[in-house]
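What follows is a single chain, given as structure tokens, in the form predicted alone.
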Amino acid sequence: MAERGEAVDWPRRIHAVLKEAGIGVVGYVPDAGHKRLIELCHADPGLRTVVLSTEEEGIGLAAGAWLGGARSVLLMQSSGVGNCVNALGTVKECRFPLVLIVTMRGEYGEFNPWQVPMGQATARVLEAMGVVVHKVARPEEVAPAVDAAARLAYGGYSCVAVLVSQAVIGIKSFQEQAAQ
């Protein structure tokens, strides 16, 4: 646990967990909440990073990686979960392991009303598709949750999602968005 005032570098901890879990492929849709983790993955020659046009492409990427003998993880924002519903049926039916790391929007100080509906429904949507959901609200909880998700997914041929609270990734403001 971090000392008072000491920041937890949860993206670096997740990267270490991914390496320890034998992850070889990282699929992602660009996302500010995952920015640091994506940078760490790109800098790691042992990981193949694949930028996706849309989140459901990641389900096919994960299936192909598994069939080819590689473990993968998908990084996405909560709004992208809604794009994956049909493809998640494939995961359930085919029983291949899948780890999703989802940065949440639509909660904890959200500035964009379009993010709220899917942000509020994300856990329920995933659970309805047979996905095991772990929610984390503190930076020091993220890496252990990802480790547990990888163990369950690859040990039990299941889909497991870690939902990283907006309280962990930080609150975006309209001014920040306009400046980017």
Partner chain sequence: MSASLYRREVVRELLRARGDLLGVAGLGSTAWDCTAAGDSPLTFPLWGAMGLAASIGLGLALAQPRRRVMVVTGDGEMLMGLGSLATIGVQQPANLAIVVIDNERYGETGMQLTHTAHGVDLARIALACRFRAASVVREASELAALRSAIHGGEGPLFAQVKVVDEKLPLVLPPRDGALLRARFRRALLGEAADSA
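Positions refer to the first chain, counted from 1. These numbers come from a predicted model, not from an experiment.
One more form of this protein should be noted, the form predicted in complex with its partner chain, which is absent from this view; the next part is about it.
K.L.:
I have Arg36, Phe111 and Gln120 flagged as a candidate spot, so tell me whether each of them has a non-hydrogen atom within 4.5 Å of its partner chain in the predicted complex.
P.N.:
Not one of the three qualifies.
K.L.:
Quick one: is Leu52 in contact with its partner chain in the predicted complex, heavy atoms, 4.5 Å cut-off?
P.N.:
Leu52: contacts its partner chain in the predicted complex.
K.L.:
If we define contact as a non-hydrogen atom of the residue within 4.5 angstroms of the partner, is Glu57 a contact of its partner chain in the predicted complex?
P.N.:
Although its partner chain is absent here, Glu57 would touch it in the predicted complex, with heavy atoms inside 4.5 Å.
K.L.:
Quick one: does Leu67 come within 4.5 Å of its partner chain in the predicted complex, counting heavy atoms only?
P.N.:
Looking in the predicted complex, residue contacts with its partner chain include Leu67, since a heavy atom lies within 4.5 Å.
K.L.:
Is His134 close enough to its partner chain in the predicted complex to count, meaning some heavy atom within 4.5 Å?
P.N.:
No, His134 stays farther than 4.5 Å from its partner chain in the predicted complex.
K.L.:
Which residue, Leu61, Ala32, Leu40, Ala145, has a heavy atom that falls within 4.5 Å of its partner chain in the predicted complex?
P.N.:
Flagged contact: Leu61.
K.L.:
Looking at its partner chain in the predicted complex, which residues in 78-113 have at least one heavy atom within 4.5 Å of it?
P.N.:
Residues within 4.5 Å: Asn86, Ala87, Thr90, Glu93, Cys94, Arg95, Phe96.
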